[in-house]
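Just one chain is shown here, as structure tokens, and it is the form predicted alone.
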Amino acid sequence: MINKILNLGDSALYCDFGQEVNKEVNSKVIKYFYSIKKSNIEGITNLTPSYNKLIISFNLSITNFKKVKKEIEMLNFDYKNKIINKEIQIPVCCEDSFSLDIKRLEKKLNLKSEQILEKFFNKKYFCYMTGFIAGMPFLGDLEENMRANRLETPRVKVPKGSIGLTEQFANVYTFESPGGWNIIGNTPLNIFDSLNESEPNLINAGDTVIFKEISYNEHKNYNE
């Protein structure tokens, strides 16, 4: 359940589900996200789920904090209802020109590159949230011995499609952007489509992701 509902500025509030970052807590956030979205509460303009919070923005000319809070508290929500989510396979090439930080990770994790990639590919990942840049998925949870801090000096440009690791998460850079994650590969798959107004994200909170290794030639010819 929600621990508490608090004000966030004049026209937003957030539902606090606790401080822990794990799949169980995040699943509650996601279920509330879809339940509130489906309920069409008057005045709500946007819902933003994170690891353990759900931010709800609203139009002050239509409603206010007390009204929205009451609607959420009265919501008839059944935790037994399952979310319909997707399992998505993402092709990844880990050729040297794409795996920018594999040597750094070898030193940080005390693992050989072959071990790092084997552990990375032999796992299913749960999407906790999307954010930072449009459609970027935060995918957990990496094993303890695969967790490394961000780069001490972030890159000014991380190529689109780069696969990054940091702490307990993996992610996919949906656009070229600055960033400090440890890059181990690249996908030719378009993860975010700005032209698709109804569903621009390929990966959404609650989805499961599997990474599949491909060759450099497969990457090069993927969209042909």
Partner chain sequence: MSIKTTMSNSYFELIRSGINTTYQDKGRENLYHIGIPYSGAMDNRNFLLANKLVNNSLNSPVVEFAYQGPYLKYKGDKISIAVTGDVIFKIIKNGVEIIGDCYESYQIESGDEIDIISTNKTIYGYLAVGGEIDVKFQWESCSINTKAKIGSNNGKKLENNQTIKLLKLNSNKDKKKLDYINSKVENIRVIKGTNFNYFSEEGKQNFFEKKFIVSKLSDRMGMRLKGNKIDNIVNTNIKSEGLVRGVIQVPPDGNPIIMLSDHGTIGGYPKIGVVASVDYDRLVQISPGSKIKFTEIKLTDAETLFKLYEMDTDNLLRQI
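Numbering follows the first chain given and starts at 1. All figures in this text were calculated on a predicted structure; none of them were measured in a lab.
Although it is not shown, the form predicted together with the partner chain is what the next lines describe.
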Check: Would E24 sit within 4.5 Å of the partner chain in the predicted complex, counting heavy atoms only?
Finding: no
Notebook entry, point to check: Any of the heavy atoms of Y173 lying within 4.5 Å of the partner chain in the predicted complex?
Noted result: no
Check: F132 near the partner chain in the predicted complex, any heavy atom under 4.5 Å?
Finding: yes
Next item on the list: Answer with yes or no whether L195 is in contact with the partner chain in the predicted complex, where contact means some heavy atom within 4.5 Å.
Entry: yes
Item checked: Region of this chain that lies against the partner chain in the predicted complex, out of 118-126, 133-141, 102-110, 85-93 [heavy atom, 4.5 Å] -> 133-141
Notebook entry, point to check: Pick from P49, G164, G179, G161: which residue has any heavy atom within 4.5 angstroms of the partner chain in the predicted complex?
Noted result: P49
Notebook entry, point to check: Are all three of Y32, P188 and T208 close to the partner chain in the predicted complex, meaning a heavy atom of each within 4.5 Å?
Noted result: no
Check: Is any part of 1-34 within 4.5 angstroms of the partner chain in the predicted complex by a non-hydrogen atom, and which residues would that be?
Finding: L6, N7, L8, G9, D10, S11, A12, Y14, V21, F33
